[in-house]
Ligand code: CS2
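In the form predicted on its own, a lone chain appears below as structure tokens.
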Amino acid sequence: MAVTYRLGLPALASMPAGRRPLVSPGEVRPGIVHLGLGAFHRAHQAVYTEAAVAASGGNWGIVGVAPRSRDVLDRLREQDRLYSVLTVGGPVDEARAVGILAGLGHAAGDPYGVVAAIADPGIRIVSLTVTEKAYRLDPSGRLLLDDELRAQLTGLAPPTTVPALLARAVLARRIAGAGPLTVLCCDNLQGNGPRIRGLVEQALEVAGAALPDDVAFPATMVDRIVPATSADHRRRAALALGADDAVPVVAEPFTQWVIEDRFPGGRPDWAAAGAVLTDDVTPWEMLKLRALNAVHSATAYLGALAGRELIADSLEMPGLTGVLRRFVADEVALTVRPPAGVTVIGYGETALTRFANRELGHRNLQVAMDGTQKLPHRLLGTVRDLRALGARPCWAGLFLAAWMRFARGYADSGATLPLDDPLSGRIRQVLDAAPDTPDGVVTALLTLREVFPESLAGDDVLRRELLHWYTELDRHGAEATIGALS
């Protein structure tokens, strides 16, 4: 099909019904402010919300807020807040426009406007996908206060950070009598609801206030692989949609959302859109973090060391899928009690099938980002629980050693590996001061308390595993090390 239209309201009239939004753009009043206009939100929560409104109605339009960059924001404005989701991995590409965005905001450029939007009585939910580092929490859940954040919380500076936006908005709602609010974290933080509640309580304490009783923080578990959109994806999205979209997002067919059902101000009928509403998200969350996210990270680090570009390329390394299966069966299954009707091993197999979807173009270096933020939740919990059982963290030790090799900054070929991590400066500092030997690197990185708590850093069994696997990776490279295990 030839593409003759730019995506926007005028283009919808010429689209087949199966490609048009499920709700008429602009006809649903805002009920949600979402912080984070990235691809994951637009391919996940926004899609669920539009489907829920289409099924059951309600004023649940989303005001999407970009935290820093204006690029996506400006392009969405040019397209009447419309964008498309390209689903790949099935027999044919599928694309549909999404029209649930009822407004747009920019936290860095207009933080007071964002606070005012949240304080509007029509808004009953603030949801977030801002990645782990934006919450400014240490591994214990304490707020990382600095002069900048303290000034934002006390009103001496504009509230441009996530903790300050949430705290100042809660205060603004209380002053305005705006009614109950739900703060819904949709990032991969373990116990994300309670953690964000603690964040807001600490932020309000700095501001000299207390958390109102009518603010809830339900936990969630989100799942859909949403890789970076490439030029080829944009081309394919235009062909599948029949209109040129400047900001499409691409995603796999699989999607899942598990939500603790605590919403004092109401919520969309997300169950009608396929979400799981439950009293306890923990079993789902633990299973995903340990049997899916940990496997994803391990694949990325080992593949990057071996010079592989894509996650799908990494899984073609001889022996790797076998090692990942052994990790799930021998270590994750010992530490996770899955939800009713789900098995740990079956869930792990589904994850491997999804990761092998080459159509996603999911790059190892993308998955490898922010390791110091991700690994404590994805992998260190399994290690901690294994040690509590008296078990040896063999495969988890291998994956942590692969991250340590990755953090050193060189692939097995000697090519430079980028370290995109909020602690990159600290990592470089401790490594530069240490001998470039397995013992030197392992010892240096174990001093990072943001990653390794004292109980694990001083664990001799874990240390032996790390030294063993780091030495093997150093001598033979990732591909040969994994291949020898098959």
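Quick note: we count residues from 1 along the sequence shown, nothing fancier. Quick caveat, the model's predicted, so the values are computed rather than measured.
Below: the form predicted together with the named molecule, not depicted.
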{"property": "Residue contact check: Thr154 to the named molecule in the model of the complex, 4.5 Å heavy atom", "result": "no"}
{"property": "Close approach of Thr220 to the named molecule in the model of the complex, 4.5 Å, heavy atom", "result": "no"}
{"property": "Partner contact for Asn293 in the model of the complex: the named molecule, 4.5 angstroms, heavy atom", "result": "yes"}
{"property": "4.5 Å heavy atom contact, Val281 to the named molecule in the model of the complex", "result": "no"}
{"property": "One residue of Val88, Ala304, Val367, Ala240 in contact with the named molecule, assessed in the model of the complex (non-hydrogen atom, 4.5 angstroms)", "result": "Val367"}
{"property": "Contact residue in the model of the complex, chosen from Arg124, Lys288, Arg405, Arg173 - any heavy atom within 4.5 Å of the named molecule", "result": "Lys288"}
{"property": "Which of 223 to 231, 77 to 85, 329 to 337, 273 to 281 sits within 4.5 Å of the named molecule in the model of the complex, heavy atom basis", "result": "223 to 231"}
{"property": "His34, His41 and Thr129 all contacting the named molecule in the model of the complex, non-hydrogen atom within 4.5 Å", "result": "no"}
{"property": "Residues within stretch 309 to 324 having a non-hydrogen atom within 4.5 Å of the named molecule in the model of the complex", "result": "none"}
